[in-house]
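One chain comes next, on its own, written out as C-alpha cells in the form predicted alone.
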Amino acid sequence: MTIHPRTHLATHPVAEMYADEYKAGKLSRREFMTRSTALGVSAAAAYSLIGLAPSTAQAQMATPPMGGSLRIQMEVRALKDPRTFDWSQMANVSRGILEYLVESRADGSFNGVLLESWEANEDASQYILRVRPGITFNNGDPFTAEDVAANFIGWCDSTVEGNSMAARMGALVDPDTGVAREGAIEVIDDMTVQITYPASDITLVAGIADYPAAVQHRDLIGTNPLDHGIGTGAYRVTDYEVGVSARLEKNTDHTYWGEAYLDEIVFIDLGQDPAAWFAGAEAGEFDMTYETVGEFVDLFSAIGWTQSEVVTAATVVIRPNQNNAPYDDVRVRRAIALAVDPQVCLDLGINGQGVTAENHHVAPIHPEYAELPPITVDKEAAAALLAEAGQSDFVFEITSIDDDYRRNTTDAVAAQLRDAGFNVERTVIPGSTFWNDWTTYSFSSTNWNHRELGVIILNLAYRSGVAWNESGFANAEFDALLDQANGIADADARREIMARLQSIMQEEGVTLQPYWRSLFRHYRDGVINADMHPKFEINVHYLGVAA
C-alpha cells in the first residue's frame, strides 16, 4: 500500500530537542511523533531521529486485493457544510469524496494527504504548505494552492454558524472582523501556501487533520457535498438515506491520484442500541462495527470477530450550561462535582474499560498534562454547598441520548446526585431528537473525541463563545492563558500554564468529565485495515476484503 510519505523536511531544531527528551525518557514515543511531525518532519525522519526504522516502529497497513464490497455498522447522519460537521460519522462517509490536507495516524504522527509536505519556522509562527502534485477533482479541475487557500479562508470564517474550524484556526482569525486576518494566508505559487500567525501557534497541523477540515473545491466552500459530489476522493455517493444507509461506489469516471481497493462500501444504520448491533452481526448483516461498547466488547469477541482496541483521550462530559439558572452559580456547579465519584461513572458507564479522569478534560496522554491533587468526593459538603446557594429544592433535569454508555454514565451521575440529596429528574431521548440541540441543554451528557493536544480540546470546547462550547463557560483569564499555551512548543513550559487552566476548570465546576475511554472495534475475518482509530476515523480508501 502506498502511504505517500513526506520527504521535504528531514529535521527541525525543536524536533531534535524532542528526540533528546524521548531518549532521556521524558516523552513517550507517541508524544514525540505528534510533536515532531506537526512541525513538518516526516514520520520516517522522526523515527530516524530516535534510532528506529519506520518498518519496526509503525503498525504497517496491508495491501488489500482490488475489488469487493464491505458493510459497516454506523449511524448515517445528515450531511451539511463540512466546516459544521459535528460528528465523526459524517466525515467517514464524505471522506470517500472529500479528502484532507493531513491525516492523523494511530502512532500519533501526522501524514500528508493532499499536502506533500509542510514545515514550520523555529517558533511555529509561520508554516509553508506544499501541495501534492498531480491531484485533480473528479470534475477535471486541478487541485492547487488556490484551493488550499480558499479552504483556509472558509475555515477562518467565524461568522458561519456552527463553524468549529474557526476555533481551530486560532489567531489566524481577526477578532474584530471574525474572518481571516489580512496577509495571514498567502498563495506563493500554484503548489505553495504560506500561513502566518501574529504569534507562535503549535496547533495548526492537528487542527487541519480533524474531521471538519474536509477539503472542498475553491468554488464550493460552504456547500453540502451531497449536493454536488465534487471532490478529490476515489468514490461517489449513490444512495443516502439518513438513519438508514449510505452507499459509496468507486468512481470509474475519475482517475484517482492514490489507491483505493473496494468497489463498494455500504454504511448501515442500526440505531443507538448495541444489542441491535450484536443481533445484526449474528445475522450476518454487516462486516465491521463503527465502535463496540460495554459488555458487547466481549460478546463480539466470543462470536469470533477480531477485536481492535486503542487507548485514547476520548471521553464523556456531563455538563451544566452556565447560561441557565441555577448553573450560573459556581456553588451549584461545585456541589455537583463534589457529589460525583468518577470511578463509579467508569464502572457503571463503560464497564471499567478506561481510566478515571479529573473534571478538566486534559488527559495524561496529552503532552502538556499537569498532575494536580486528587479530586475530592464529599456528598455532605455537596449538600451543604447546594443549601448555601439556596437550591436544595431545585429539580435538576439531566438529559442524555438513549444509547448504552452515554445513558449509563448519565444514570450513574443522577444516582450519585440523589445520594447527596439533590432532586434529580432524568430525561432520555432518541438521537434523532437529541443531536438537534446538543449544545443548548441546561444539563446533559455528550461524548467527545480524542484530540492530540490538551490545548486543542480546550480551544474547541471551553474558549468563550466558540461553536462547540456547550457549557456556556466564559472566563477571560482562561482565554488569555489558553492564548499563551497555544504559542509554546515546549510541552514542559506549556505544562506550567496548563496546570492553571486545569485548576480553573475544576474551581469553576465547568464540567463533570469522569473517565478516559479505551475504544474498541470488531470486524469479521477477511476485513483488511479496519483497526480502531483513536478519533473514530474510517478512511474507505484504505479498507479491503480478502479475495
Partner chain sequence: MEPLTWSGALGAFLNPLMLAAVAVFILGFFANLALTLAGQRAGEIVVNPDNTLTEIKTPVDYALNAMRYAVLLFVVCCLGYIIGGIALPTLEAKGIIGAMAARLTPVWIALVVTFALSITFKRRLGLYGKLFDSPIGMIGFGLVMFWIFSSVFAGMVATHGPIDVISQMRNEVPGSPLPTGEDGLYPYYLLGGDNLGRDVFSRMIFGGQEVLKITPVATLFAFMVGITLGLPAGYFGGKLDTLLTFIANLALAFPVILLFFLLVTPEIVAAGVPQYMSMVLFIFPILFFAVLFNSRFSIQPMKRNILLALVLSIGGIGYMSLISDASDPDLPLIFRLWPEWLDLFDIQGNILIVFVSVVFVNSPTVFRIVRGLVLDIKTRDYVAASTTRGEGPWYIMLWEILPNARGPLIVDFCLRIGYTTILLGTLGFFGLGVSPESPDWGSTINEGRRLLTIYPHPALPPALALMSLVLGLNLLADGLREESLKD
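Positions refer to the first chain, counted from 1. Since this is a predicted model, take the numbers as computed values, not measurements.
One more form of this protein should be noted, the form predicted in complex with the partner chain, which is absent from this view; the next part is about it.
362 to 370, 110 to 118, 398 to 406, 139 to 147: which one contacts the partner chain in the model of the complex at 4.5 Å, heavy atom to heavy atom? Looking at the other structure, the answer is 398 to 406.
Residue contact check: A384 to the partner chain in the model of the complex, 4.5 Å heavy atom: No, no contact at 4.5 Å.
Distance check, R426 to the partner chain in the model of the complex, heavy atom within 4.5 Å: Looking in the model of the complex, residue contacts with the partner chain include R426, since a heavy atom lies within 4.5 Å.
According to a 4.5 angstroms non-hydrogen atom cut-off, is H228 in contact with the partner chain in the model of the complex? No, H228 stays farther than 4.5 Å from the partner chain in the model of the complex.
Wondering, does D239 line up within 4.5 Å of the partner chain in the model of the complex on heavy atoms? No, D239 is distant from the partner.
Candidate site D123, E186 and Y197: all three near the partner chain in the model of the complex by heavy atom within 4.5 Å: Spot residues vs the partner chain: no contact at all.
Can you pick the one in M191, A414, L98, I375 that has a heavy atom within 4.5 Å of the partner chain in the model of the complex? It is A414.
Which listed residue (D174, E477, E295, D219) meets the criterion of a heavy atom within 4.5 Å of the partner chain in the model of the complex? For this set of options, the contacting one is E295.
Going by the partner chain in the model of the complex, which residues of 168 to 197 come within 4.5 Å of it through any heavy atom? Nothing in this stretch is in contact.
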